[in-house]
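The chain below stands alone and is given as structure tokens, in the form predicted on its own.
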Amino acid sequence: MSFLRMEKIGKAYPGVQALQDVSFEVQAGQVHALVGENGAGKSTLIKILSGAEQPDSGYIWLDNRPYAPHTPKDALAANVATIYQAFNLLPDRTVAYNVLLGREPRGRWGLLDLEAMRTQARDILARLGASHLEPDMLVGRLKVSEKQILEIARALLNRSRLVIMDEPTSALNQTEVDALFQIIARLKADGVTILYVSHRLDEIFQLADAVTVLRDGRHISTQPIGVVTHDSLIQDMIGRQLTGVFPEKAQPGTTEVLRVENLTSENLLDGVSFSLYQGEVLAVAGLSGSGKTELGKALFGDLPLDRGHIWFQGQPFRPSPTRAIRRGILYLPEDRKSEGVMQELSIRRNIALASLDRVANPFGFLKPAAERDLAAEQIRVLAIKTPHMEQLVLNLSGGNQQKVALAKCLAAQPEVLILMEPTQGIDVGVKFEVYQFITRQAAQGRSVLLISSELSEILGLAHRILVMRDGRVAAELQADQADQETILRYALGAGDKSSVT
């Protein structure tokens, strides 16, 4: 039975037709996936359903009744909840306060009934299998996955019949993802309809009953998950076939570019040692808290070290961001929006940020022509989709923002690239372009330290793999002799196959 029906939804912004004649249905009590490249119109459609935006044309029916929310409050009143990537929580308030925000029980004289709040919070969290979360815990001290549970708990408390999840696993490790999937199964069993937006196709095939594809603001297909394949879904999303997801790897050189010995930082890194060679892609895998993220920060000088030594091109190297950039070690941070790019600046200015010495005169003044030439070259090389280089980065899709962050690194002519989760939160088409970028840099003799949570891309791109656990290197593997099971065994501390029960 159709629970949500959209007909000919259209939405335009200045210079952009975000949605055009989008029509599809979502069945009651199902997990319905919504996929598409960045810029396909998914975010705009979510905003319309959540009441944050209104369509220019078209109609929506919810449970066979007209649905036209003008504010998020209207959507909540209609029992529609949206869980965004950026959580809407108060970090300095308790779990109970956040879960019951706007629905707080009150006693005499209108005062908050704190005990009733605790009881209701415990009950709703127990339904989600999250009894470990205590009502009096401060939200600011919770993990990302625990904050997400609070958003879902709030949706349940509001008796939401439609829950929209926007990239819910983008910041979760595999254990946390598994826990989320169990919660989604509980919601589905309770009759809740879920619109699930994700770039991770493996999740779509694991969770969804049906999938809708948007491309360039238009509806391309809606099909039961059983009749689509990875290849057909990708082709619908990008409008073309991908011939092999991972490009062919070039053979790395034998020249040692970077050597790390006994790198240690209190409670974060414990005696990490390895070498990185010219033209090599060395991947670092591990669960959340394994130290893989801290390793990337330490090499760039963004994390204080207690002891250890680093040699770069045979010379001792004491890391700091300034020294790293000057020596040709460039770092792509995990948090693209707050650290990778400057949202309020133009593409041109962002690309030049790590290369100011190349676009400034001896007196320190910028040379506009040099800056434009540098930006134009990187826009061409990375195929950044933009009407002009003066476009503000905040107006770009997530995938093109990531390309700008990569362009900034490449413009500085690096010897070593430290890439932290380079494909996180971007669509499959741009992922393929990032994979080509990484392989191309290695083939040109640059060395790449790839820190990623996606085991498929680690195996597809890397020459060697370091598996980290508890701040240490648990294993060093040749990529062509490894598989996902082996990596996970070392990441979990299970060791070789003989130790697995």
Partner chain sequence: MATPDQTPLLSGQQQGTPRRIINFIGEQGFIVIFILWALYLSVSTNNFATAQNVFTILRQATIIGIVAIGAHFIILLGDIDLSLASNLTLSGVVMASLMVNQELPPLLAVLCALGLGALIGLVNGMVITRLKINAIITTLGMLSILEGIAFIITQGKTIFGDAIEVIKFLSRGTLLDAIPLPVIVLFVFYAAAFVVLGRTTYGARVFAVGNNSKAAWLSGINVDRIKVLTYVLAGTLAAFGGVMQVARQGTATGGMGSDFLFPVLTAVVLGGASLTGGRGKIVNTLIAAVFLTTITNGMVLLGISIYTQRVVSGAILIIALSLDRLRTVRV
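Residue numbers count along the first chain shown, from 1. As the structure is a prediction and not an experimental result, all values here were calculated from the model.
Below: the form predicted together with its partner chain, not depicted.
Would A18, T322 and L396 all count as contacting its partner chain in the model of the complex, using a 4.5 Å heavy atom cut-off? All three within 4.5 Å in the model of the complex.
Proximity to its partner chain in the model of the complex (heavy atom, within 4.5 Å), stretch among 119 to 127, 285 to 293, 345 to 353, 262 to 270: Contact criterion met by 345 to 353 only.
Considering its partner chain in the model of the complex, which of A40, L34, A442, V26 comes within 4.5 Å of it through any heavy atom? Of A40, L34, A442, V26, the residue with a heavy atom within 4.5 Å of its partner chain in the model of the complex is A40.
Candidate from D178, E339, D306, D74 lying within 4.5 Å of its partner chain in the model of the complex - any heavy atom: Among D178, E339, D306, D74, a heavy atom within 4.5 Å of its partner chain in the model of the complex occurs only for E339.
My question is simply whether Y331 lines the interface with its partner chain in the model of the complex - judged by any non-hydrogen atom within 4.5 Å. Y331: contacts its partner chain in the model of the complex.
Answer with yes or no whether L366 is in contact with its partner chain in the model of the complex, where contact means some heavy atom within 4.5 Å. Because a heavy atom of L366 falls inside 4.5 Å of its partner chain in the model of the complex, the answer is yes.
Determine whether any heavy atom of H132 comes within 4.5 Å of a heavy atom of its partner chain in the model of the complex, and answer yes or no. Judged by the heavy-atom cut-off of 4.5 Å, H132 is well away from its partner chain in the model of the complex.
So, in the model of the complex, is K47 in contact with its partner chain at a 4.5 angstroms heavy atom limit? Yes - in the model of the complex, heavy atoms of K47 and its partner chain come within 4.5 Å of each other.
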